[in-house]
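As a starting point, one isolated chain is supplied in structure tokens, in the form predicted on its own.
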């Protein structure tokens, strides 16, 4: 059986400035491809045949890359919000483009996850759930929505609080029955976290939690984005969207690495980039067409496309050319 999905990619990504001033967060390169390519391919592998990208900020940048999805083996359509509608409003607006029937997978566009999506869908169906939340556990839940369970049933949803009652959090992937989506007001700003989920619980609806403690990372900060790219290149999490590479670095076709330069730690060197001699590039992303001057040392850093980095530059956790 095939399923439909909605991918929420409309946010402005303010925590990632300056990287997101001209590029929406989901389109930032992570392990050599736009981040959401990893999510789209994972959805396809889990039985999703159509996916709606719910866009708003810089919406025009998505379709030129993904087209109708045929290159990725999945149907892709675009729901464009003239003004941001919140998570619930975006889901409801995008649902107008869905075809077929059956449950709908909802993804947040800023989560890198190795969780068992096919297992979550099967769990949702077997439990006869109306909504199933993917949950994971973290050391500190204050920055996330903390979810309380009784068995597999969700009994409370606490969105971002100073003293969360549990370390089990909303991990940003939901299965919704279509009837529940249709209950969300169309064309209005709605938060599923602050409005839809609490109301469903208040009405004693069948909301379940699917707990999976596989790899999970919120890529919403620059350091997390660096880590996501490193982990994909190093194989700490596997994605079929990561380009083939050898060792602990990904050097794109057409890139040039000069004599004596060392590219390590999950680094990515973009298409047509030039790394001159004697450089050390560790755990960093060098954009397409960038030129890294000789003797440069970069660690855990991002270099924008076509940026010229002067020889002898020393950079640690920095963002050049943005």
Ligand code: GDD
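Residue numbers count along the first chain shown, from 1. Being a predicted model, the structure only gives us computed values, none of them experimental.
What comes next is about the form predicted together with the named molecule, which is not displayed.
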Legend entry - Heavy atom within 4.5 Å of the named molecule in the model of the complex - residue from 193, 148, 248, 212: 193
Legend entry - Candidate from 123, 78, 72, 216 lying within 4.5 Å of the named molecule in the model of the complex - any heavy atom: 216
Inset, instruction - Within 4.5 Å of the named molecule in the model of the complex, counting heavy atoms only, one of 97 to 105, 84 to 92, 236 to 244, 177 to 185 shows up; tell me which. - result: 84 to 92
Inset, instruction - Would you please decide whether residue 55 lies within 4.5 angstroms of the named molecule in the model of the complex, comparing each non-hydrogen atom pair? - result: yes
Legend entry - Non-hydrogen atom contact residue 111 with the named molecule in the model of the complex at 4.5 angstroms: yes
Inset, instruction - Report yes if any heavy atom of residue 303 sits within 4.5 Å of a heavy atom of the named molecule in the model of the complex; otherwise report no. - result: no
Inset, instruction - Please check if residue 8 has a heavy atom lying within 4.5 Å of any heavy atom of the named molecule in the model of the complex. - result: yes
